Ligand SMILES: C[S@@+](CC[C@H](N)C(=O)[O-])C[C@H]1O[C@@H](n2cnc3c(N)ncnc32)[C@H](O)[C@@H]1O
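To begin, one chain is listed below as structure tokens, in the form predicted on its own.
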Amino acid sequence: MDDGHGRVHADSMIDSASHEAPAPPAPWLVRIPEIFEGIAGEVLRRFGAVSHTRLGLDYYLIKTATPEAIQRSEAAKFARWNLPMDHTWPCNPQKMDGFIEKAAQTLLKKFGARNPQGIFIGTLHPTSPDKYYRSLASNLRGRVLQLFPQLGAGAVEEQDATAETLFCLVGKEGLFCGMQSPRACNGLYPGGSKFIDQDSPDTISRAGAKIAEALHYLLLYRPPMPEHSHWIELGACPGGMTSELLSRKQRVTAIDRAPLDKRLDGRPGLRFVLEDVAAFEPKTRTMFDALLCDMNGPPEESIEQVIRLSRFLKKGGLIVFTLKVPRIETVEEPCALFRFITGMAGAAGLKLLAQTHLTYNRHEFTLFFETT
């Protein structure tokens, strides 16, 4: 039972009539972004963790009698990714002879009969400059695929979001594996993140990586946006998100009171309106497929503009909204703001489809709505 503050208590798992003993704590891996490290202890308590071990920068191996809280409590928004631990092997792979073969044979023995739709293996330290574990993860997956029968999903975006996948993470701490659907995990990759190369000279801002990852994440819930879909983008300057959408053959009406980066001049599919978002009014009968808002400033004002302009979206239109949060120092304050903003949107007929914290998000969350 949720106590109204996002806490799901272990005693809610006990049938008071039958007086059955509570379930024993289950091992689970949760990924809490480093930016939330200061509140990680409270997040884990809300997950019902009776113990935890830190793995890498972001990962926590916990034991909890209430694993449903990891996905359903208010604190779930602070966990980028989660996975039940069906097999853990604490070890130092780099110092172990025959690690790949031993690990591959163990995975076949433990998971072969469960028929995963796919097998994907990543690292516990995805941003480390040391390439050893990235190479190890790739080589281990190659050997595992030789042992398993043909799988339905050979690439991450071929997965059925609701079918079980075998995900594994490997690092200097060992090998950690489990099966769960990508949607329940909150990501299609092991660890959940799709890293976007930001080193290109054509990169306008990191915001391009945010919308790229957001659209990838959205595959957990709906098909990709068709080519030539028409977006309205609020607060587009300098144009990082605009550029990414255009590269995906989307059309964009971008609004900002500051000009876009000159590199966007003349790009096919772009219409730029040099105007304050609050003053913008689409032409009569213009209807859009999607709306994107990454504006700075008070989120209460941003969502008002989203709501105002959502009437120009087609039925089932998509809204991608960045919820900017003041510096996160407690669990409750951002949760209260989240409730307020989603309440405003819901009252206006916008359905919350999903929410997550992306790799390039800071003190902010990415929310996805649909018009009804």
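Given the structure is predicted, the values throughout are model-derived calculations rather than measurements. Start at 1 and count along the sequence shown; that's the residue number.
The next section is about a form of this same protein that is not shown, the form predicted in complex with the named molecule.
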| Counting only non-hydrogen atoms, which stretch in 254-262, 133-141, 93-101, 215-223 is within 4.5 Å of the named molecule in the predicted complex? | 254-262
| request: Assess the spot marked by Ser205, Gly239 and Asp276: is the named molecule within 4.5 Å of a heavy atom from every one of these residues in the predicted complex? | output: yes
| Interface residue in the predicted complex among Ala79, Leu188, Met295, Cys168, criterion: non-hydrogen atom within 4.5 angstroms of the named molecule | Met295
| Single option in Gly235, Pro126, Gly269, Gly174 placed near the named molecule in the predicted complex, where near means a heavy atom within 4.5 Å | Gly235
| If you check in the predicted complex, is Lys63 within 4.5 Å of the named molecule, heavy atoms only? | no
| query | So, in the predicted complex, is His52 in contact with the named molecule at a 4.5 angstroms heavy atom limit? | reply | no
| remark: Checked 307-329 against the named molecule in the predicted complex; residues with a heavy atom within 4.5 Å, sequence order, are Lys324
